[in-house]
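Next up: just one chain, as structure tokens, the form predicted alone.
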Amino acid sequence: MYRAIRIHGYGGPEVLQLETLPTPVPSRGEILIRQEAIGVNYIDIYFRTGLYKVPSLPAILGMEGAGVVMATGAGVTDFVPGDRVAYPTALGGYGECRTIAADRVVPLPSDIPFDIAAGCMLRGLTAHMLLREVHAVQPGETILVHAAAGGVGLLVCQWARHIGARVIGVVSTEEKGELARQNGAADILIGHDDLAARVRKLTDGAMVPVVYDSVGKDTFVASLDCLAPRGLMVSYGNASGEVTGISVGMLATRGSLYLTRPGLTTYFAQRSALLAGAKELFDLIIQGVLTVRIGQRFALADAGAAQTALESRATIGSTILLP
């Protein structure tokens, strides 16, 4: 038997229920993992509220974690019991153990702790996707990053600094601004009021070629207004709510802009891409280029409190659950 957090319906944090369940048995192509640390992400909240639909109810939330292989199903050749592993995008993580398709798991180097892995797999690969795939950021470019003190934001700031780009970080408080600056943001903007005017001043009127926006509804139009002609709007989250009612004419009148809503499951659909991305991420952590900040740690039973803290924007860096 093992403990897990399940939902039986969509709603607030109260729908997250700690339950004791039979230990799962890995099917063909799967492995069973004893989880040492579990990542908490906004996508978990989207699934809890029903913005994103789970395949069926009841369901175990959680997309990210790290641990040790306990058993393997038929046909699995890449892993054996005792291997250290981590994963970024597979529903079912809020538990002491879980089964998962072996091709969605990567080997975890011995010099990366489990908590760091759980705090960086989804966030770190998101940063990789944003900076290297969605828009290949170049040295000397200026980019605008919302939620620059969040789990993804801090890694984007560090990685962009390593590339040689200038980061304008948007945060909600002075404290978060100082943290983002320490992690590579060259300029800090508090709040999104008059955002375009402040970006125009910082860039001497040039504006930016790309905006990375995980906030969503509250910042979408302001983000568009910060782009240079033919700039790219990257909307990759809905922390303030889903962006709806978009008119494509908004892109034309603001300078023939581009808009994308990228997802990790698309960019890392191929196992070769997942392994390569994870290796680059782990190498940069081992080299000290990237530092993963675990701002909040909660017990598995307190998953509701963890999500509440994240949803209220009271968190800094990554949030994890400890089984």
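Residues carry their position along the shown sequence, with the first being 1. Since the model is a prediction, treat every value here as computed from it, not as a measurement.
What comes next is about the form predicted in complex with a small molecule, which is not displayed.
Proximity of Gln35 to the small molecule in the predicted bound form: non-hydrogen atoms within 4.5 Å are absent; the residue sits far from the partner.
Although the partner is absent here, Gly95 sits far enough away that none of its heavy atoms falls within 4.5 Å of the small molecule in the predicted bound form. Proximity of Asp218 to the small molecule in the predicted bound form falls within the 4.5 Å heavy atom cutoff. In the predicted bound form, Ser223 stays away from the small molecule, with no heavy atom inside 4.5 Å. The contact residue chosen from Ile143, Ala86, Val152, Val199 relative to the small molecule in the predicted bound form is Val152, the criterion being a non-hydrogen atom within 4.5 angstroms.
Only one of Pro262, Gly295, Gly29, Gly255 comes within 4.5 Å of the small molecule in the predicted bound form through a heavy atom, and that residue is Pro262. Heavy atoms within 4.5 Å of the small molecule in the predicted bound form map, among the stretches 99-107, 200-208, 164-172, 245-253, onto 164-172 alone. Contact check for Arg132, Trp159 and Thr291: none of the three has a heavy atom within 4.5 Å of the small molecule in the predicted bound form.
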